[in-house]
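Presented below, as structure tokens, is a lone chain in the form predicted on its own.
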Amino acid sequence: MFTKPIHTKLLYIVIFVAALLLPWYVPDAYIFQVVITSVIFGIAASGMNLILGYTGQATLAHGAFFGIGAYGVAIMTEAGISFWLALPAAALISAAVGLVVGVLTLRTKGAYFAIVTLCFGVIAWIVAGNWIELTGGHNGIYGLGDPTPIPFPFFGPIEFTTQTSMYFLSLAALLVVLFALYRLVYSVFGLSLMAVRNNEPLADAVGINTFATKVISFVAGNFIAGIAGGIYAIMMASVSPSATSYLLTFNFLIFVILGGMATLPGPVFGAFAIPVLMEFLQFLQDYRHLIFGALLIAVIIYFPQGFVGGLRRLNQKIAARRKQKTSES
């Protein structure tokens, strides 16, 4: 039922091989840093896609949970805890906070849920900027008065101190997250998620616990955001309140919408294409929001399922025409 066409599998293999070889054909260190950041943002956007794309819940607090994961790893590693323990612990903290927020807010629907989560995101940013004893305030961790950077992780003889090693760490995390989401989405529970998204009253009528389904999706998506935030903290070797900013949430939202909601590769494509495109269009930096607005309008009108969804529809039309010509002949 969920078997992919051979040519689709071949495309994924080509993309995977290209990703493995990418460090050797990126032109310079700055662009490579943008690529690594895009990989990390792709992880976070994939978590948002689980909540928004597959479950239909318009969360606007994803940046806050990303920041919780970042601060969690930063604080724990500076306290001497191994990164490999701090990362899942920080993600669990993000998930636990997400559980509390979800239980309190997911009984609201539509715009009300979006507004409540946006308020939580703003609160998280304010707390990060003012809880000086824990977060370092607006200076952040490794800010003024904190001369020790967040320590880089080690794995046996491997030291994650170079861009290449951080890239492969981020890429490995992205692949694990995509595999887990694939197994989740293409399962019975995944069908429950999409049933809630498509028609919540009907899903409730046929016996699906819609509230529990939404809470689980929300918690899982925020766990993924925490993973991305933790890796981001290690890559940057510092964390500031900007890691919890609601502006970061809107960036994730743009990645998901432009890339393609309810598609696994869509958010990853958006997280890569948009930042890289903006780097090559630095001379248009003053018109960034205008460009984003035009892209959103074009996508909503002509590609309501995003770039990847549009490609799928085009592929389906081509396949249907070929099948029709074959049957006619």
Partner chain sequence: MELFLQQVFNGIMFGSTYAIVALGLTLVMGILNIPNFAHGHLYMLGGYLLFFFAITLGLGYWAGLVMAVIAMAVVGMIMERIVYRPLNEQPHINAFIAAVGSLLFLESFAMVVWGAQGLRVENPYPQMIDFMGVTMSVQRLLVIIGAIVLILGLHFFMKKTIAGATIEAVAQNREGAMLTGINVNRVSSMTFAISAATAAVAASLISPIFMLSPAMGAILGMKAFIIVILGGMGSIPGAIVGGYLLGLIEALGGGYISADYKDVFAFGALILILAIKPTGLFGKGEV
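Because the structure is predicted, anything quoted here is derived from the model rather than measured. Numbering follows the first chain given and starts at 1.
The next section is about a form of this same protein that is not shown, the form predicted in complex with the partner chain.
Colleague: L10, N222 and V276: each with a heavy atom within 4.5 Å of the partner chain in the model of the complex?
Modeller: Not a single residue of the candidate spot has a heavy atom within 4.5 Å of the partner chain in the model of the complex.
Colleague: Hey, of 39 to 47, 267 to 275, 25 to 33, 58 to 66, which bit sits against the partner chain in the model of the complex at 4.5 Å between non-hydrogen atoms?
Modeller: Flagged stretch: 58 to 66.
Colleague: Give me the residue from F168, F83, Y246, Y142 that has a heavy atom within 4.5 Å of the partner chain in the model of the complex.
Modeller: When the partner chain is considered in the model of the complex, the option within 4.5 Å is Y246.
Colleague: Could you work out which of V239, I257, A90, I231 is the residue within 4.5 angstroms of the partner chain in the model of the complex, going by heavy atoms?
Modeller: None of the others qualify; the residue that does is I257.
Colleague: Under a 4.5 Å heavy atom criterion, is F160 part of the interface with the partner chain in the model of the complex?
Modeller: No.
Colleague: With a cut-off of 4.5 Å between heavy atoms, is V116 one of the residues that contacts the partner chain in the model of the complex?
Modeller: Yes, V116 sits close enough to the partner chain in the model of the complex that at least one of its heavy atoms falls within 4.5 Å.
Colleague: Check whether T77 has any heavy atom within 4.5 Å of a heavy atom of the partner chain in the model of the complex, and answer yes or no.
Modeller: No, T77 sits far enough from the partner chain in the model of the complex that none of its heavy atoms falls within 4.5 Å.
Colleague: Does A294 reach the partner chain in the model of the complex, with heavy atoms at most 4.5 Å apart?
Modeller: A294: yes, in contact with the partner chain in the model of the complex.
Colleague: Judged by heavy atom distances of 4.5 Å or less, which residues of 38 to 54 approach the partner chain in the model of the complex?
Modeller: If the 4.5 Å heavy-atom criterion is applied to the partner chain in the model of the complex, 38 to 54 yields only L52.
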